[in-house]
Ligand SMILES: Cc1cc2nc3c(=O)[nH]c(=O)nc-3n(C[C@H](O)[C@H](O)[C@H](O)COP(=O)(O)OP(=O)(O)OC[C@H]3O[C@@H](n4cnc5c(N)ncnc54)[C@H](O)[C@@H]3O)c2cc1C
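Listed next as structure tokens is one chain, alone, in the form predicted on its own.
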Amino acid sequence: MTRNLIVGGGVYGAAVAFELASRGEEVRLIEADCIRAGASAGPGSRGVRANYRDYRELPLMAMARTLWPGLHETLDVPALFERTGQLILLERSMDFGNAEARVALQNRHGIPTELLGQDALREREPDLTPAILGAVWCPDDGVADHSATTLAFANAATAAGAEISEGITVTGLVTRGGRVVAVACDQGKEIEVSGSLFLLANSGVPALVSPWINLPTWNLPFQVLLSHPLPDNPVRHLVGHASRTLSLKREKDGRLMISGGRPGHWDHEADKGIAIPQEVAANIADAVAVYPSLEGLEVDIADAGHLEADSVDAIPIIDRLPGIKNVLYATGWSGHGWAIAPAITKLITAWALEDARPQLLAPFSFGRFG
């Protein structure tokens, strides 16, 4: 039996394990595959951005951005976060009204943000097409290696006393007296829990809670492309786009990551994701339309092998399981839960230990759906 049990070995599970263990709590984390195998895996680094987030996430990002720069010191590893600044490109005049509102809103939340005209933008990104009219600039945004960060949380959790077990698949929850007393696992085994159960397995959460609630989420693999190393990579910052499905990141080895939310195909029989050639071509076409010097770019890796949970309103669902006193779950990250992970995991831990929902998590309750 364990006091606190976590299901899911991605960044959320590993970080909550660290937060609990560092407070002297007994905690065990179980993962069906291996640490950082799911949505926390994959090539390259991920954006740590406040720019153009849902307004309900901005207070969380304001908290997270104070944690990211010193996270490597907390976890006793080399630097994880790199401050690059982030640009959301504006290619249509109709997008400037929204951009001005975003700038005002983000600054109100303590996130420095500026609307750039063409001249100021080209000082930062000289290789952009002249069709780009301006950009929203968030100088404190950046990138971090998601696999390295997840592993750092897991190692720090173990060093603090957490137990981590891989290769254990949870198939259901065993309840008694309004509490989960154990989780049912493959091969007919059960793991007992006397305290809190945290369901943080991302795409696996909806099935586990389905006897109690039907979450308005679905699972899909997002496409990530990595180019061959470029002799002259034209992308200098973390770059997004207000009207194209496009995100660009300059990798340290000279390669370019192209993503933004285009889907792959999930083969359920093989249990793996496959990149869709048409989506690969569309992603490259958008990148070339914005940076013409990328014409002829060759893709080294087209990855769609990691399921993500998407929610109907594109923000996460974080709540207690109704009628079950000791279960906290979180899912529906919609492809952008990474940057807010250091903040949310602290808040989830506090919720479990203090038995009071933190105010910053109130907008993410299941109750918002009525």
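This is a predicted model, so every value here is computed, not measured. From 1 onward, residues are counted along the sequence shown.
From this point on, the text means the form predicted together with this ligand, which you will not see here.
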| query | finding |
| --- | --- |
| Single option in L80, I168, V235, A152 placed near this ligand in the predicted bound form, where near means a heavy atom within 4.5 Å | I168 |
| V327, A302, A64, A32 - the one with a heavy atom within 4.5 Å of this ligand in the predicted bound form | A32 |
| Contact segment among 289-297, 266-274, 201-209, 85-93, judged by heavy atoms lying within 4.5 Å of this ligand in the predicted bound form | 201-209 |
| Partner proximity in the predicted bound form: A17 to this ligand, non-hydrogen atom cutoff 4.5 Å | no |
| Partner contact for R53 in the predicted bound form: this ligand, 4.5 angstroms, heavy atom | yes |
| Non-hydrogen atom contact A339 with this ligand in the predicted bound form at 4.5 angstroms | yes |
| Partner proximity in the predicted bound form: L5 to this ligand, non-hydrogen atom cutoff 4.5 Å | no |
| Contacts with this ligand in the predicted bound form, stretch 1-40 (heavy atom within 4.5 Å) | V7, G8, G9, G10, V11, Y12, G13, I30, E31, A32, D33, C34, A37, G38, A39, S40 |
